[in-house]
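Only one chain is included here, represented as structure tokens and corresponding to the form predicted alone.
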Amino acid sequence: MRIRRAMFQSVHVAPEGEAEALILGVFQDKRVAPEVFPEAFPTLQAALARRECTGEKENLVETFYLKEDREIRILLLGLGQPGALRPGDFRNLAAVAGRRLAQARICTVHVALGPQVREAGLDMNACGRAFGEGTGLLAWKGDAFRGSATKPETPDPLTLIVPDDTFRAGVEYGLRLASAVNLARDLSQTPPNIATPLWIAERAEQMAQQSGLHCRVLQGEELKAERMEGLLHVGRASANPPCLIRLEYRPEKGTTRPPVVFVGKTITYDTGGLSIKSRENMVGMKRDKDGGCAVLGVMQAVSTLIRPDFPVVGLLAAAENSIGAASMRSDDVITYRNGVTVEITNTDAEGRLVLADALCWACEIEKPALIVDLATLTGGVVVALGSVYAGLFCEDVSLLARLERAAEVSGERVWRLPLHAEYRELMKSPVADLVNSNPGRKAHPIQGAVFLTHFVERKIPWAHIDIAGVHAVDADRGPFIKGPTGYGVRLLAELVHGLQKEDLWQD
């Protein structure tokens, strides 16, 4: 069996060099200035006159030019109307061009999009960054578990020749950010018989050594000593014990500023526990760890690319929700380190139980400037928002605005859902403070967020992002192939990048 090969073995950037192909941008008026590629101008004019060449966004038309006995492939890439073009469009534009380059096995391409970026009045660096992200995301392989029964073709390396300094700097940044996203995608793709909680901890420790992060793993007796009741109860039936993974970036010059804290739900496999999932809903539960995978990815980006002048902490609440004689039961009551008691009404609502531990720790131990958690928390958010937006819950006006700006720049979209006090009634228990799941389906995605509010100190800015609808795609789309998207890495990296430009600690 032969499988589709990965798009590129690697992607590099150079300021100059000979190229096998050229990417030219074309607006819908189909004008190309003669000075852009003067020797090929007649060839370009003929291609522009073809009916298939519309200049509409993501329209792609090819032509060829003979130069010194060398055939140069020209990709005319549609950009739409100048007034409608946005920097984020360059992710999908890079994917359209990149797929064709990979199919044609092109190894060097001259990217000549600068004139159109200037004509549209766009930020050259931002457009280059999006182009680099799109190309880098397209290079993800996701084939580590193919065996001897498949015969994958060997992908080629790709060199992007980008003469414009500002655009090239953006491309380089985007490629490095995409590398962090692809780390998260690699972890997501890893099956549960390999990616156990302690395996994730090992990957975190390796990344910490390579990236200069500080890593600590709490497990066993230390979890008990720290009263991590959610992790202990969710993970107690599994042969693979739970853990809390802490990664910390510290600026080189040192600082007394409180950290920005990111928390990730890291359920390495979710059977539903005794509230067992159906056969159909069990498939794909290796991706219930994708919040934590994204936190690992963003910590790599923070430590190797952004390097802010304030500390950043990543907390991964890692457990496997399995079934056995020691399984957590419905009707159990657990008491968290902050004194809140929870009646278990659904063992398949386990993600919020482990997140509660990490949120308590973040508030009490880290004393953060702000907290953002990422979690594949509810099917209800998929019903509400589909696979277009992540559900955002945030009552802090400043943090909400920062996240919405980061979403606009990163292209990882969020939609704010309500978190009003009336919803708290849904989670009241007759025997404890809270139930972990209301048996009704009312406000299903809000239930999980409301539950989490009881584990965050009100004075601390906090946002919960439910990524259940956006953490994977079921078909090739834009720069992604079927599988994980690494959602959250670019969003949170841009949040950190934005915080660099303002004095958060003076709010």
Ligand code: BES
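For clarity, every value in this text was computed on a predicted model and none was experimentally measured. One rule holds for the numbers: they count along the sequence shown, beginning at 1.
What comes next is about the form predicted in complex with the ligand, which does not appear here.
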Query raised in the report: Of these, 86, 337, 307, 277, which has a heavy atom no more than 4.5 Å from the ligand in the predicted bound form?
Result: 277
Query raised in the report: Which of 432, 104, 285, 419 has a heavy atom within 4.5 Å of the ligand in the predicted bound form?
Result: 285
Requested in this report: Tell me, please, which stretch of 465-473, 478-486, 43-51, 61-69 lies within 4.5 angstroms of the ligand in the predicted bound form when heavy atoms are compared?
Outcome: 465-473
Query raised in the report: Mind checking whether each of 265, 352 and 437 has a heavy atom within 4.5 Å of the ligand in the predicted bound form?
Result: yes
Query raised in the report: Quick one: does residue 270 come within 4.5 Å of the ligand in the predicted bound form, counting heavy atoms only?
Result: yes
Query raised in the report: Though only this chain appears here, would residue 259 touch the ligand in the predicted bound form if you measure heavy atom gaps against 4.5 Å?
Result: no
Report task. Classify residue 156 as contacting or not contacting the ligand in the predicted bound form by the rule of any non-hydrogen atom within 4.5 angstroms, answering yes or no. Result -> no
Query - Touches the ligand in the predicted bound form: residue 192 (any heavy atom, 4.5 Å) - result: no
Query raised in the report: Using a 4.5 Å cut-off on heavy atoms, which residues of 355-377 contact the ligand in the predicted bound form?
Result: 376, 377
